[in-house]
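Starting off, we have a lone chain in the form predicted on its own, written out as structure tokens.
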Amino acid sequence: MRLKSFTAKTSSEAMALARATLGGEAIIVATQETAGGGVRVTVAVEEEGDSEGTALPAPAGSEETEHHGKAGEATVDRVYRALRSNAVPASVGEVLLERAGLAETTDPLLALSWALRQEFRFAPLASDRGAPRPIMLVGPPGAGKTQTVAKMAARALVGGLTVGLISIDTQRMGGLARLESFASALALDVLAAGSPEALADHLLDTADRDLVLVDSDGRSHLDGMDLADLGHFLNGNAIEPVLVIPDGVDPAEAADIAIAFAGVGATRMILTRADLARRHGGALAAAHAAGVAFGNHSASPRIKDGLAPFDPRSLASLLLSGRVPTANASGAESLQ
């Protein structure tokens, strides 16, 4: 199977051009408006000699990037429908469709997994093994940062690690109290840092802990001064900022949020409320626009369910079926 694009002034003209060139066997897999006001139509067509082989994609971690086997038309169509139903932006979807069409499998899950592995980075946080430097969870208001801190702390404690909790959410009413409530249930204390200098002192105080988590107040991606102030807490401190973003956000808005927080140093993200969203295109838009890696995702409000690590297969499953793995306190995964 091969994918080709045709551009014309209208979608009907582009479709007619595609059929005139490739014949009636071509199937339309994507349409997109062009910058010049036209329409680009991407179609898939079987090539002579194509066969639906069953070879699996290259295993995770393989350096192989060129595949010559072709997925069947039904496979590409299934992936296309999944991307479309999840409101994946056309600019991202077309790339994934092309890659999926080159995967050496007729299984849509494997084809999409392979495509995602080629296009995105995956770097889960393993809180049960600690972290080489403190982690600050950053993101917009209401994203679920405090709850995510609690989930990571609980997982680390179950793994027998020592945990330090710091909060810079000292100005917002009730901000510190919520983390303290979670911490009390875990028999942990919370250190409050109202300034970058106080944060630096508390990082020294917790330097002997296996995992140090810093909770931050929500910052607007539209407010440059707000983000600059957050940057002051990060500047000079060996802290990794990790973006926390709720699932189901409009793709364009999610992309803007990710780009803004990538500007303060975030290189990977945690997706919350994956169980409450029907469309997950925003997550792909965010990762693609900002170049941030998929880290983990939360599919349950329960602290004991923890965070599940993202990998190409789990993300493909989320897009194809809406089934999301959860990680309980023991680290075992299950599908909802």
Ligand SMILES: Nc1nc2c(ncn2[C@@H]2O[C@H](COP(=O)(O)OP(=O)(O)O)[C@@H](O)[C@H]2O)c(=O)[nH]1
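The first residue of the shown sequence is 1; numbering continues from there. Just so it is clear, the model here is predicted, and its values are computed rather than measured.
One more form of this protein, predicted together with the named molecule, exists but is not displayed; see below.
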Query raised in the report: Out of 136 to 144, 155 to 163, 99 to 107, 253 to 261, where are the residues with a heavy atom within 4.5 Å of the named molecule in the predicted complex?
Result: 136 to 144
Query raised in the report: Counting only heavy atoms and a 4.5 Å cut-off, does the named molecule in the predicted complex sit next to every one of 272, 276 and 299?
Result: yes
Query raised in the report: Are any of the heavy atoms in residue 178 no more than 4.5 Å from a heavy atom of the named molecule in the predicted complex?
Result: yes
